[in-house]
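First, one chain by itself: the form predicted alone, in structure tokens.
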Amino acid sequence: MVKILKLNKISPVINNVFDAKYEVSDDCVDPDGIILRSFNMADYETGASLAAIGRAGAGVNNIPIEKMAEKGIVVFNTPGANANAVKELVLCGMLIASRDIIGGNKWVNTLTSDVAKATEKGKAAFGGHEIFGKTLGVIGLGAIGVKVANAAVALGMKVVGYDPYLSEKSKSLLDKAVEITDLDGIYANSDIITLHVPLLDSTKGMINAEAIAAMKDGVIILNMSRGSLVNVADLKAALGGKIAKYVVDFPDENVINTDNIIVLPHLGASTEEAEDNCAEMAAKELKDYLENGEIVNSVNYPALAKARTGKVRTCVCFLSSAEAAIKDLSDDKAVAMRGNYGYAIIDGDAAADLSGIDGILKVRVL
């Protein structure tokens, strides 16, 4: 029996993926696989049997991926599974920042008598502007950014996009009306800017005083990616002038209860559909790895697939120091590297003989 541990409440759609060979629970010892959402694994002690972790979502900040790589534990995420949910929240953010919907709603609920007359008299205080014809700058053209850009084109907006790592797949899906530019072009021309990049050392605080100074006056900034992409102190200094509104999906003490900052309670992927999609995708990734040894959408090991050609399959996670020795083992194999870590699938009539090879992290025989 293969044991799968749930560290968060996970959509029951995973039960359609894990068949009778699997025991799925939220309380088991030394599982073969873990599936989770936001559970923080920083201090989590893994057992000897753990081979893989599936994150039902794109971000993996809650998983120490380097620590897991060192143990030969493959970490998966689910890029694109929640893309539509986040796209719709971005569109919502554009609208609530452009039209004072939240302020108007709060005000109208304070009225106690002659509501219709009072509304007509006071509604001018909540006027806004339309997004039609405005320029949207999309920073990051991955699964979510492409959907946002295409939806904005359909709404009659001019769209400029920036992504130094724009993939051929994303390029093929992008509406032809989207203009690819650099960050200077985004800042100089956009009425609204939306962020869709991962949180890395190179992107942390990328929206800072220098970037803000290069933007158009009255710009709206949307952040449904990660709160730390924005230097909040610099942003606050520009609110009400250079920056008209900031919409952020990551609450903390620095952004709540601040005029012209609209804080959402991390709703990006909080739809039934997105939760189902992420859970199902993570479950399928785990199952394929545990049963076939194939890797797709890992954040710490290389992608690798191989058609079965032998009775026994040996799956090996190893350090780069073992690469040459692994490649010398057998002709019936597939090997891939990702930085300091490698992964190999070796097929044969018996398990591969790995004796004498230093740098082997984990071996599974299927």
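Start at 1 and count along the sequence shown; that's the residue number. What you see is a predicted model, and the numbers here were worked out from it, not measured in a lab.
Keep in mind that the form predicted together with D-malate (MLT) is missing from the display, and what follows is about it.
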> What is the one choice in K242, K287, R226, K158 with a heavy atom within 4.5 Å of D-malate (MLT) in the predicted complex?
Replying inline: R226
> Which listed residue (A58, I63, V316, A52) meets the criterion of a heavy atom within 4.5 Å of D-malate (MLT) in the predicted complex?
Replying inline: A58
> Pick from 196-204, 88-96, 263-271, 215-223: which stretch has non-hydrogen atoms within 4.5 Å of D-malate (MLT) in the predicted complex?
Replying inline: 263-271
> How about R338: is it within 4.5 Å of D-malate (MLT) in the predicted complex, going by heavy atoms?
Replying inline: no
> So in the predicted complex, does any heavy atom of K306 sit within 4.5 Å of D-malate (MLT)?
Replying inline: no
> Any of the heavy atoms of N82 lying within 4.5 Å of D-malate (MLT) in the predicted complex?
Replying inline: yes
> Just to confirm, K333 within 4.5 Å of D-malate (MLT) in the predicted complex by heavy atoms?
Replying inline: no
